[in-house]
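In the form predicted on its own, a lone chain appears below as structure tokens.
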Amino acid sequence: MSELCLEFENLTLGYSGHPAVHHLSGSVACGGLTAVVGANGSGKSTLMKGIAGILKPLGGRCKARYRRLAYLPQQSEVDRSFPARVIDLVSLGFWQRHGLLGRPTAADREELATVLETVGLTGFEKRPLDSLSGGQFQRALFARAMLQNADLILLDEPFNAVDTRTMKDLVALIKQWGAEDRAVLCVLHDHSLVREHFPQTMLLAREVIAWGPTKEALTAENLLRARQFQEAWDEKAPWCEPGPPKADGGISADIEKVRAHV
């Protein structure tokens, strides 16, 4: 059995007292690729922020068993108008080693050149961030993550605004991370991409609809259940409580009821 990297114990996350992820329990193993899928508003990005420590739990806890974490937010959450260059952004990957004010060593500069070459950005070191295409900017974010040498890597929609070639290159990097015994959680919308490259899938609709081998999680029945959640919240809704245990860990419960409404 693989060593655990992350454990959730009845974790509930949300904003202003409104839960966006309900009563999540389970674990993530080291050396695995897990896709996090679901409709808009289903709690995917909220979960990433909770794991990264940006968002404090409303209940339960997220227990870390890793030493270093790398988090790539959605591009829309990054201010690219800030007057910085590619080398400035990528070099932030060294901060866990030297602090934000630490000077890079000769070995660091050599490593920096290597990761820029790996992501196809050699020669872009002095380019302003606001001059990059979406794909080039995403490559720079991946280069920064590579320098962080993290045990757990969180990727929130990493393939938005990138072309097919860039996507293939970044998928190859993600699979390499998995082979290096790192845990990767990746928010995705493309189910065909998930089925091809990610062995494990968590299907969210504010609560876990299915979590396990991708072939078992992304069934038509589970996807239908996930699509039936309501995105809007009710200001007068009472605090949620954990429901009774569902068969098969919640993966296949109530499927017959769903089929009756199809």
Partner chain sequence: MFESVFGPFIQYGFMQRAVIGSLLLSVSCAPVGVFLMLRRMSLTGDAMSHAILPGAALGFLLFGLDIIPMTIGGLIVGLVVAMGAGAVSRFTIQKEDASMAAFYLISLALGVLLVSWRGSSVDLMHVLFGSVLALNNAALTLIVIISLSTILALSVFWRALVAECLDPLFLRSVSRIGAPVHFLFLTLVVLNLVGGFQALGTLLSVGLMMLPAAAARFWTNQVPPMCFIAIAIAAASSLAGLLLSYHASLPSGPAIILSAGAIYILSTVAGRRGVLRNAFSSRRHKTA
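Keep in mind that what you see is a predicted model, and the values were worked out from it rather than measured. Residue numbers count along the first chain shown, from 1.
A second form of this protein, the form predicted in complex with the partner chain, is not displayed here; the remarks below concern that form.
Indicate whether the candidate residues 158, 163 and 182 are all in contact with the partner chain in the model of the complex, with contact defined as any heavy atom within 4.5 Å.
Result no, not one residue of the spot touches the partner chain.
Any idea which of 217-225, 39-47, 65-73, 197-205 reaches within 4.5 Å of the partner chain in the model of the complex, heavy atoms considered?
Result of the contact check: 65-73.
If you check 191, 175, 98, 168 against the partner chain in the model of the complex, which one has a heavy atom within 4.5 Å?
Contact check passes for 98.
Looking at the partner-bound form in the model of the complex, is residue 54 within 4.5 Å of the partner chain by any heavy atom?
Because a heavy atom of residue 54 falls inside 4.5 Å of the partner chain in the model of the complex, the answer is yes.
Mark residue 135 yes when one of its heavy atoms lies within 4.5 Å of a heavy atom of the partner chain in the model of the complex, and no otherwise.
Contact check for residue 135: no, nothing within 4.5 Å of the partner chain in the model of the complex.
Determine whether any heavy atom of residue 120 comes within 4.5 Å of a heavy atom of the partner chain in the model of the complex, and answer yes or no.
Residue 120: no contact with the partner chain in the model of the complex.
Considering non-hydrogen atoms and a 4.5 Å limit, does the partner chain approach residue 85 in the model of the complex?
Yes, residue 85 lies within 4.5 Å of the partner chain in the model of the complex.
Quick one: which residues from 135-168 get a non-hydrogen atom within 4.5 Å of the partner chain in the model of the complex?
Counting only heavy atoms within 4.5 Å of the partner chain in the model of the complex, the contacting residues of 135-168 are 144, 148.
Comparing against this form, do residue 113 and residue 76 have their CA atoms pulled together or pushed apart in the model of the complex? The difference is 3 Å or more.
Compared with the form shown here, the C-alpha atoms of residue 113 and residue 76 sit closer together in the model of the complex, by 3 Å or more.
Do residue 87 and residue 76 move together or apart in the model of the complex, judged by C-alpha distance changing 3 Å or more?
Closer together, which means the C-alphas of residue 87 and residue 76 are at least 3 Å nearer in the model of the complex.
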